[in-house]
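Below, in structure tokens: the form predicted alone, a single chain.
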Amino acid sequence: MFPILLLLLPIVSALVLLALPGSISKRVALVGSILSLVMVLYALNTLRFDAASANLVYNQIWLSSLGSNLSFSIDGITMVLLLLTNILMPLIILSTFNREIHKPKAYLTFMLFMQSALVGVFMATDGLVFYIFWELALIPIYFICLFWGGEGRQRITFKFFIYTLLGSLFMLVALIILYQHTTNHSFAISDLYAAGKSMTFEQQAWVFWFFFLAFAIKMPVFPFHTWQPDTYTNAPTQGTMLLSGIMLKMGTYGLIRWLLPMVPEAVSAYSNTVIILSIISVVYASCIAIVQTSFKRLIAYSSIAHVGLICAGIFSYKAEGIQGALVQMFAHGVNVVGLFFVCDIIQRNAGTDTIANLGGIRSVNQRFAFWFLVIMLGSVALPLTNSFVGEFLLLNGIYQYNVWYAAIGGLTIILGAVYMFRSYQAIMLGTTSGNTLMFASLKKSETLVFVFIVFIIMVCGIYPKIILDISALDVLKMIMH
């Protein structure tokens, strides 16, 4: 029953929020998100002691004529994404405290509905249900970006919507092809796996590229990335956090859960092409990040670089690469939310995120400089921070696939250090400018967000076994299957 409770709890929280006065809406949303986190931690405890527990599976007859059931399940791979989603949601909601938000009840309601849709994507074990929740996740973030975004939001949001909707249509076609090849016309994931493996190579190739297009656009990977920088920059801070911290993980999760086991012959044939595109993403996005004048846009491009390495590690089809991808998905989600929160505070206090117009913030707010420094070090994979283990395993997996790919992909560490340290130096050090001279002290809610983010960065960096043990067994099962 855990899956259905995790799915419904954010929706119930949103309905309660709508029924209560707007003055307490942020607190209600925060309490609801914390309850969801408690449920996930309880499910994690069950998974550790009884991985085959019936409480981790929900299966209800739904559209029997189509062979589709409301089918959800929690295993180690799913749990990593559930933890990420439900750890970040309270922090994202807490980041709205001490912020003036137009129509906060609607804003928070959309966020909670998106949380439910994301949880549905990660737990679904029925192809049709997975597709429905994949589409449902797009609706709340579309309205968040459209109603609360910056200048030019209509054009930018429309481009984002068209890109992702087009990718979803390709995935729907792939699911229909698989469905037609099942022996009993079923959307159950096990039946779709069997159908994919029974296809000819040509048929697998079509399914592979249709699925990959949907996932590549969502992540995004070069050359399907053009919607991302504008959308991340234009979206409100919490919208950007949702997009970068959690939503892009839908694409990487889809690769692991749906694509790799579905069409193994096509995966073997086209992995090299995908890894090349991923390595191009790493180098291209890192070089573009170096020359950015906007700090928020710099973070957006850095996200493309990080996800490119994750994608390459997944397609190495090595246990180390896939484990590294899961660890890095978790680490990147935490770090990028922290970086966008840093950017939000800078914009609110200085009135700009243009790097050249900032400087000297450390002189007027040393605590903020400290939090920023630790999150930045996590982002560049300093040893004993959360990203180090993920990037090490990713490069290990890619190295086993091809030494030169690992060498080029490893440039992400060097280039990442270049653009992050340069931006920190320009923003935080030196002399204060007119924009930063009166930089305010951190509010309690802001400090609390930073404390939790830095705590996760350090704990997962010092003791990565916390995340690795969750998914290790299921990754090995997938590789050996």
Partner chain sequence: MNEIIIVAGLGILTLLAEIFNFKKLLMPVIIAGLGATLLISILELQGSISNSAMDANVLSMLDFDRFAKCFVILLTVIALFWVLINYNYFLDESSRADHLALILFAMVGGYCMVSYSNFVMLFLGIEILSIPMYVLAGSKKNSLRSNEAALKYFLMGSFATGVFLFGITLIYGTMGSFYVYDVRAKTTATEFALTPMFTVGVVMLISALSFKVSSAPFHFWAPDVYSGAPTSVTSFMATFVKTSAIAAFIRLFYTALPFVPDNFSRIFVVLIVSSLFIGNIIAVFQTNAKRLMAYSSISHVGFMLIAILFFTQATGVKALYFYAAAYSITTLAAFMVIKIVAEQSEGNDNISAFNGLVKRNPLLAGTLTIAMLSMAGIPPLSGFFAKYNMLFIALSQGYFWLVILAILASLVGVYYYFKIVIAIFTGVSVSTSSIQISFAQKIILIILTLLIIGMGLNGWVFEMI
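Numbering follows the first chain given and starts at 1. Fair warning: this is a prediction, and the values are worked out from it, not measured in the lab.
Just so you know, the form predicted together with its partner chain exists too; it's not on screen, but the next bit is about it.
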Check each of L91, L128, M247, I355 and return the one that places a heavy atom within 4.5 angstroms of its partner chain in the model of the complex. L128
Here the chain is shown alone; which of L66, V38, M438, I414 has a heavy atom within 4.5 Å of its partner chain in the model of the complex? L66
Select, from the options 333 to 341, 380 to 388, 134 to 142, 188 to 196, the stretch whose residues sit within 4.5 angstroms of its partner chain in the model of the complex by heavy atom distance. 134 to 142
Hey, with its partner chain in the model of the complex, do Y399, W404 and R422 all fall inside the 4.5 Å heavy atom range? no
F158: touches its partner chain in the model of the complex, heavy atom cutoff 4.5 angstroms: yes
Can you tell me whether V291 touches its partner chain? I mean in the model of the complex, with a 4.5 angstroms heavy atom cut-off. no
So, F147 and its partner chain: in the model of the complex, are they within 4.5 Å at any heavy atom pair? yes
In the model of the complex, does S268 come within 4.5 Å of its partner chain, counting heavy atoms only? no
Taking only heavy atoms into account, state which residues of 79 to 117 are within 4.5 Å of its partner chain in the model of the complex, ordered by sequence. none
